[in-house]
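Encoded as structure tokens, the following chain is the form predicted on its own, with no partner shown.
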Amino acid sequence: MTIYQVIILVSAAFLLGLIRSQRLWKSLLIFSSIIVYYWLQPSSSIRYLDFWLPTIAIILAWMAYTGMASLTIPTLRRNLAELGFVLLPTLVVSLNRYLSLCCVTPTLPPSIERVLMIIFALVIIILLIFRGLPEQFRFPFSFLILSLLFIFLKNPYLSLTLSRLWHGLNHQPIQYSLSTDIEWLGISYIILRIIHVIIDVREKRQPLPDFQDFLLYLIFFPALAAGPIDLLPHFQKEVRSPIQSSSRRLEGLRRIIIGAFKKFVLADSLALLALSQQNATQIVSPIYLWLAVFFYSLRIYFDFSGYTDIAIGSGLCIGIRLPENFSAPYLKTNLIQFWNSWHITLANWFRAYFFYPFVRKFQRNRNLPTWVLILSAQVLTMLLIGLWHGISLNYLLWGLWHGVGLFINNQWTKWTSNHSLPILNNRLTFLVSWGLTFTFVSMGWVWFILADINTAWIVFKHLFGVGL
């Protein structure tokens, strides 16, 4: 996201906050989020892709919602009417093919006839599938579709296959296809939000929202690109809360300024010095290589937390408080504390929907040693978080790195709680613990940055002066 885009989005958020008392405020917020989704979607070599990806995201949301809702005729009519309402901005964006207005989508969209035909066909297919599926299979079907979509997008080989298929459908040369052609803005976050809602509705932990509230929750534009991942009940409460005073908007502007400074001054400056794919094997001094690794740690923090501050600040300008996502993670003295303060909403999501259910399920097996259960749960959770970033070996190793680290940290904490040692409670121990934690996390980023495992292994060796 560029500074120009941030300025536009912040201005839109501020204006939406000023008109919050108006009757059509929520509809304007939904329409604004949809338009912003099209506007922010990156350009692609695949014809019309920047239009179709946001459109398919809306259809996917409606598919998941239909799987949760009753399929009686009155309910279907209402759901179709709500879908038609939220697709109005899509049709407006499609009309830009004939108007050629600046900045609505990166490239001209397809003809409105084709848009209507494809949307109609997708809706009919979804209805036929769900009408034919028994109710108990609707959730597994939605989950399967979302999972397969995620796997195809996150795996380089499958993403390349999908790119070739899409090039072929558009009668474009498939030899120019790349695995990076399909950049679907915010889809990783949207899928997690959808799964959260369908699980909680299925388990009767929350009632089914109306479709407009559901879609707004999924694509609320301040949190669209990089989170944080709010939970639906909290988001609905914020949307329905009374109009906030100007102090909340001032707090939002302060957060936006801090976030912009983090992202566009600190993070972008550190990018010139940080470890990257390009310089990984060119730095021959272990000291400079360690500095590059540490600079990357700081860069990714200021970049990500800067975006989060901008998102939270924009939400506050609108009158919606999003959850915090960072809490000084690099000042923590152990890995457990780090993961309680780094990308908090993502970690909480995986704890709620994988870690705790996994532990509860296997606790019933009393023959399983506790340490085996904890090791399995922590490693598998971190592997999934790694794969959420990308389905490739380097992200898998990054997840394994943190999963094993968390287990060791857990066992050490358990041991020290049973052995009162005065040496563990002084300032020197605090500094050593902080240094070890920061170094361990920073070394883990090597796996995260470098897709080529051989290159990552060379960097690890060079950090300790081996092979120079």
Partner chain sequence: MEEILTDLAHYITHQILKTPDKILRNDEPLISSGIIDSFHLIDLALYIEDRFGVKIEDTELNRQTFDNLNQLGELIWSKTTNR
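Numbering follows the first chain given and starts at 1. Everything numeric in this text was worked out from a predicted model, so none of it was measured.
Another form exists, predicted in complex with the partner chain; not displayed. Remarks below refer to it.
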- With heavy atoms only and a cut-off of 4.5 Å, decide whether Glu82 touches the partner chain in the model of the complex. no
- May I ask you to state whether Tyr356 is within 4.5 Å of the partner chain in the model of the complex, using heavy atom distances? yes
- Item | Close approach of Ile190 to the partner chain in the model of the complex, 4.5 Å, heavy atom | no
- Message: Please tell me whether any heavy atom belonging to His171 falls inside 4.5 Å of a heavy atom of the partner chain, as the geometry stands in the model of the complex.
- Response: no
- Item | Residues Leu91, Val93 and Thr105 all lining the partner chain in the model of the complex, heavy atom within 4.5 Å | no
- Item | Residue stretch of 372-380, 175-183, 159-167, 307-315 approaching the partner chain in the model of the complex, non-hydrogen atom distance within 4.5 Å | 372-380
- Note on the structure: Picking from Ser327, Ser247, Gln282, Ser285, the single residue whose non-hydrogen atoms come within 4.5 angstroms of the partner chain in the model of the complex is Ser327
- Task: Identify which of Arg205, Arg131, Arg240, Arg114 has a heavy atom within 4.5 Å of the partner chain in the model of the complex; exactly one of them does.
- Result: Arg205
- Task: Counting only non-hydrogen atoms and a 4.5 Å cut-off, give the residues of 322-349 close to the partner chain in the model of the complex.
- Result: Ser327, Gln337, Asn340, Ile344, Asn348
